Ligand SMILES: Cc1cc2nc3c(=O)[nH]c(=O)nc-3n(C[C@H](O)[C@H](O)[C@H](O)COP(=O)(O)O)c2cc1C
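In the form predicted alone, a lone chain appears below as structure tokens.
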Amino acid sequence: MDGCTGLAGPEDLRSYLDFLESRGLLKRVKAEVDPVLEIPEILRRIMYRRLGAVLFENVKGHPGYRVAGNIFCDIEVVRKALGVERLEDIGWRLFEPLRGPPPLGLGEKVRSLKDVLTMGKYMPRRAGRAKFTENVLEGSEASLTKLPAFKVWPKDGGRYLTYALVHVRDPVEGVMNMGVYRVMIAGDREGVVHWQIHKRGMQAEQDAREKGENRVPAALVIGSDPGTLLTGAMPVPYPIDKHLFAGVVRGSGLPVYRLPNGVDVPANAEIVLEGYIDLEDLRQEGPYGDHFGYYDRPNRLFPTFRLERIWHRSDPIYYGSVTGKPPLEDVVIGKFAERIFLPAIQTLLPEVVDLHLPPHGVFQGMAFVSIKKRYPGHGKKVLLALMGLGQLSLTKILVVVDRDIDVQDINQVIWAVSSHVDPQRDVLVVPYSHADELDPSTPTPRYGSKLGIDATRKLPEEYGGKEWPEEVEPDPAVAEMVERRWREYGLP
């Protein structure tokens, strides 16, 4: 595959941009553009029109930098870049060895051992060198203001690093956390890290405080290969190491380089900001125009990242994403998460057939799930299970339908809700529950309610002892005759 060296996909951001350009999906902009409001507005308009990725080669106020955006412009592009037939295949790399009967005979045990050894190729591996070490800025030369960070919306609290992979090592398990948390630039060497209360970064902060630590070594990584960039935004269950999971997504172990502060970072990074999280310096962050299409309400204080040095490749490429009403680039990233975590859900809940997070549901807003229903109350059982499962536990509205309903087709879901739901019987409201921190509808931030809708056909026990009505179906003989004549006469 283009730009690959034995990997399942491009080896870094540059080869991924080459991959996009070779398929006519990358536009180069040579005119001078401003990262304050102008680039974000251009990126939104291009994404709304489905026009592909962009590389800005002349960035106002930031000579020497180029800016890439909308690189995850289409889910099929992502699939092809990662070299898989189906995105679900990535998820099955982790869970396939757990399925089926245990090995008994010698041959079966040898095959099982092969599955275990295969996992070894996904492990992170130490890199002897990294191209981003070609340049290092320290002291007064190291400034966050040198970066072409975006101001995304007019009333934002400042300029933001919008897709920095925030690296901290977990204080308890020692695994690497790598999350996409927006960082508001607060000065030359200070940034406010907005990690939400339900995310792994916040868990690391709380664990560090319990151990009596007031600073956590950290690194902010900008630009990497597509698999690693996507992994940063994935809700990987704790305590799975994020670098290990990146290897699973990439199809090959992630090469990592250890910084002087002890933090391992992807060796294929474009820019690395080395420093630490100051847990004693808490600041207000925002407002920020988020993916719901509203400005977040500043409602709590966040820790400060303190910069010690900047590492970067020569002629560095800065990657930033933008937010706003869907569908933007984050919709594609959300669809990627949906597909690769479906195997995990099916491993825990084997009755689940498919999952759909509709783009305009804004990730945590709404989810549709189809199941193979087997017993009375099965739909509600799945609703309750998903309301407490990983990232889906933040979903506000869940709809469960039968297996013959294509959840990717919203009209089929609407038909199932309209035809199969009696509100008093089939609607479940869970009050006083945890909620997505960014949800603008909750009166109390992080605390709201959930709605579950069981839109499956009801069994007699759920339907007052009666059989569910018979659905209309055409006469088979007539249907076959019409199909034959349809082809014979070439009807439209």
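The first residue of the shown sequence is 1; numbering continues from there. Computed from a prediction, not measured in an experiment: that's the story for all the values here.
The discussion below concerns the form predicted in complex with the ligand, not included here.
Colleague: Would you check whether the ligand, in the predicted bound form, lies within 4.5 angstroms of a non-hydrogen atom from each of 135, 259 and 312?
Modeller: None of them does, since no heavy atom lies within 4.5 Å of the partner.
Colleague: Looking at 276, 122, 181, 292, which has any heavy atom no more than 4.5 Å from the ligand in the predicted bound form?
Modeller: Checked against the cut-off, the match is 181.
Colleague: Within 4.5 Å of the ligand in the predicted bound form, heavy atoms considered, which of 368, 150, 305, 163?
Modeller: So the residue touching the ligand in the predicted bound form, by this definition, is 163.
Colleague: Only one of these stretches, 248-256, 354-362, 400-408, 190-198, has heavy atoms within 4.5 Å of the ligand in the predicted bound form; which one is it?
Modeller: Partner-contacting stretch among the options: 190-198.
Colleague: Does residue 242 reach the ligand in the predicted bound form, with heavy atoms at most 4.5 Å apart?
Modeller: Contact with the ligand, yes.
Colleague: Flag residue 391 as yes or no: does it have a non-hydrogen atom within 4.5 angstroms of any non-hydrogen atom of the ligand in the predicted bound form?
Modeller: Yes, residue 391 lies within 4.5 Å of the ligand in the predicted bound form.
Colleague: Taking the shortest heavy atom distance, is residue 232 within 4.5 Å of the ligand in the predicted bound form?
Modeller: Yes - in the predicted bound form, heavy atoms of residue 232 and the ligand come within 4.5 Å of each other.
Colleague: Does residue 224 make contact with the ligand in the predicted bound form, using a 4.5 Å heavy atom cut-off?
Modeller: Contact check for residue 224: no, nothing within 4.5 Å of the ligand in the predicted bound form.
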